[in-house]
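Just the one chain here, the form predicted on its own, laid out as structure tokens.
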Amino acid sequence: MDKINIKEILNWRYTTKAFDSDKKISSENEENIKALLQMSPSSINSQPWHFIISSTEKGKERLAKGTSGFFSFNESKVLNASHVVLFCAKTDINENYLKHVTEKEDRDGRFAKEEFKTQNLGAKNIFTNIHRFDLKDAQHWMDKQVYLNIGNFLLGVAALGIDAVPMEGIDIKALDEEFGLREKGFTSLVMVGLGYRAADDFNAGLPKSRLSEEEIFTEI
């Protein structure tokens, strides 16, 4: 594996406020973007997500319906981006879905013995039921897995030299209706615009600001 300078990447990336609409992401990096989304870790490998990806004007116009009204400040970040990804979370997780994931793991060679497969599915059900019935936070738990994906994604695209802007300021209901997500068992969560920073993006020239190491770390 090639050595990368993680600090350099972290300092290069920022929340892009304006994209250069003339600069487009290559087809090679389109595949890398999909790999980042698909290969993200999740609790018990639950993968409770779906992604709507657009690079076309028509597609971005549909996604921009989630930036009307109060959220209009995000419209240009959708329309001027090279690509936009809508991160969606499942709205229900049950044994049938867990069996579906486990069967895919089995086909991919994850279990050396049938008993390991049975044990794995049992563990999935135990941890899922803790969230469904004991903590009663299954939706929040699934949302957290999607946010894990987003964090992984933002660093990954930065490593590819691609700028990004995560947007929670979106009309969830409008997007769910536009793409029929709730009928499919999903709901919108976060939209991420991708592309290359515009020359006049004010945020590109501002210094980063983070709390000090002394404040955020305890080393023991």
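This is a predicted model, so every value here is computed, not measured. When you see a residue number, it is the position in the sequence shown, counting from 1.
Just so you know, the form predicted in complex with a small molecule exists too; it's not on screen, but the next bit is about it.
- Three-residue candidate spot His50, His140 and Glu183; no residue lies within 4.5 angstroms of the small molecule in the predicted complex by any non-hydrogen atom.
- Screening Met167, Leu160, Ile172, Leu37 for any heavy atom within 4.5 Å of the small molecule in the predicted complex leaves a single hit, Met167.
- Think of it this way: in the predicted complex, the small molecule has a heavy atom of just one of His83, Lys124, Lys90, Lys77 within 4.5 Å, and the residue is Lys77.
- With a 4.5 Å cutoff on heavy atoms, Tyr196 does not count as touching the small molecule in the predicted complex; it lies far away.
- Among residues of the shown chain, Lys17 is one whose heavy atoms approach the small molecule to within 4.5 Å in the predicted complex.
- Though the partner is left out of this view, Phe116 does not reach within 4.5 Å of the small molecule in the predicted complex, counting heavy atoms only.
- Contact annotation for Lys208: at least one heavy atom lies within 4.5 Å of the small molecule in the predicted complex.
- Just one listed stretch, out of 92-100, 69-77, 106-114, 129-137, contacts the small molecule in the predicted complex at the 4.5 Å heavy atom level, and that stretch is 69-77.
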